[in-house]
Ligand SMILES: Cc1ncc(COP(=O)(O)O)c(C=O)c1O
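One chain comes next, on its own, written out as structure tokens in the form predicted alone.
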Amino acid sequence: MRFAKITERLQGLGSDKWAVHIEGKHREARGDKLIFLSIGEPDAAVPEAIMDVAERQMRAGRTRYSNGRGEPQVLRALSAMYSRRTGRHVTPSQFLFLPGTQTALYVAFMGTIDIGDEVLLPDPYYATYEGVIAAAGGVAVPVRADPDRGFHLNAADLEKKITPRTRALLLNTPGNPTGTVFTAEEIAGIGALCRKHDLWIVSDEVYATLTYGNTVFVSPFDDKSLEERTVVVSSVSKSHAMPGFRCGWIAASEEFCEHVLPLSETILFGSQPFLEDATAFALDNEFPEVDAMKVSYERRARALIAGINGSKAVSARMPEGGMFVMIDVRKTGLSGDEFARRLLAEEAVVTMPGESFGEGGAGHLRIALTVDETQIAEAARRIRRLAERVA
């Protein structure tokens, strides 16, 4: 049988990148005891008050069809949240409610690029980015970020890769897998570059609420002059430990939302109203569980780094945001993939090799901060032991 070209474009861009994790799950099913640091799934429980709203609204009959844009109350909650953040009125018509950030990314690129268009991609990058770009017919153009500069990029790094076919930039801050948070100065320079070359900015901000120390999150969408070219994608998956709810959104100009609304309706004509109600409640309120989760991530990151640093074979630095730490294993002489596979086989620790996130992640491991400090400290001890054994 003949298959559509999109299936060819996506070959190797799906679950292949999670091969070490999948092998770990197979071993776990056989009874092996492993420490899983591979998937960015919050281990915190959904705040009870949010669960109560979801259950109450479901039982109240909020299980009918919704509209394609989103329920009025969740659009109002998004409007209020982004208006507070930007300092200007962001209207409810500047949002589309979608089932998670991944779907929002798909809609964003289907609405901004055509076959053969190029998308600049800071490298390392999240494992699904190549796929969402390729699905729309685009060509990912990685721009290598220097690990010795904390994986930060500036406008000059990006401009070297711009060609007449460049159409968009995919920005992720705080970054997955790097933990990098772009500064206000960097965002301003990148924004000016995108204005100069008339590029879209697709800004993945799913970790926006998770920054550490004195680090401040900055979005290009917050600059009014960049509003028309910025498409924000985000969700409550990480901010409120609600990944299974699949509740996300696009924030953009009214013009963008009007243009892509038929596309989003073609993919999924409306989400579950009771889940949209729960999301609206989550965005309108503050929760001690959410605050505690953020504190725990920071403590875990510090515990991991304390267990790693001092080694001559492996090193790590404190992330500026997000829920991951990148560990540098280049001095061992192994690739990230080789190290991750040996770590699983010899030390029963499951991680993501840096190569799953592009060439810029080579020689690194991504560690998800999704187990308690005791397990994090034990994992650090095993990582260091393997590194010093093979270096």
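Position 1 is the first residue in the sequence shown; the rest follow in order. These numbers were taken from a predicted model, which means no experiment stands behind them.
Just so it is clear, the following notes concern the form predicted together with this ligand, a form of the same protein that is not shown.
Novice: Using a 4.5 Å cut on heavy atoms, which of 129, 182, 97, 221 is close to this ligand in the predicted bound form?
Specialist: The residue from 129, 182, 97, 221 that makes the contact is 129.
Novice: Of 112, 230, 172, 264, which one comes within 4.5 Å of this ligand in the predicted bound form, counting heavy atoms only?
Specialist: Checking each option against this ligand in the predicted bound form, the one that comes within 4.5 Å is 172.
Novice: Is there a heavy atom of residue 207 no more than 4.5 Å from a heavy atom of this ligand in the predicted bound form?
Specialist: Taking the distances in the predicted bound form, the answer for residue 207 is yes, it comes within 4.5 Å of this ligand.
Novice: Please run the contact check for residue 203 against this ligand in the predicted bound form: heavy atoms, 4.5 angstroms, yes or no?
Specialist: Contact check for residue 203: no, nothing within 4.5 Å of this ligand in the predicted bound form.
Novice: May I ask you to state whether residue 238 is within 4.5 Å of this ligand in the predicted bound form, using heavy atom distances?
Specialist: Yes, contact at 4.5 Å.
Novice: Would you classify residue 271 as touching this ligand in the predicted bound form, given a 4.5 Å non-hydrogen atom cut-off?
Specialist: The answer is no: residue 271 has no heavy atom within 4.5 Å of this ligand.
Novice: Among 256-264, 186-194, 230-238, 275-283, mark the stretch whose residues have heavy atoms within 4.5 Å of this ligand in the predicted bound form.
Specialist: Correct option: 230-238.
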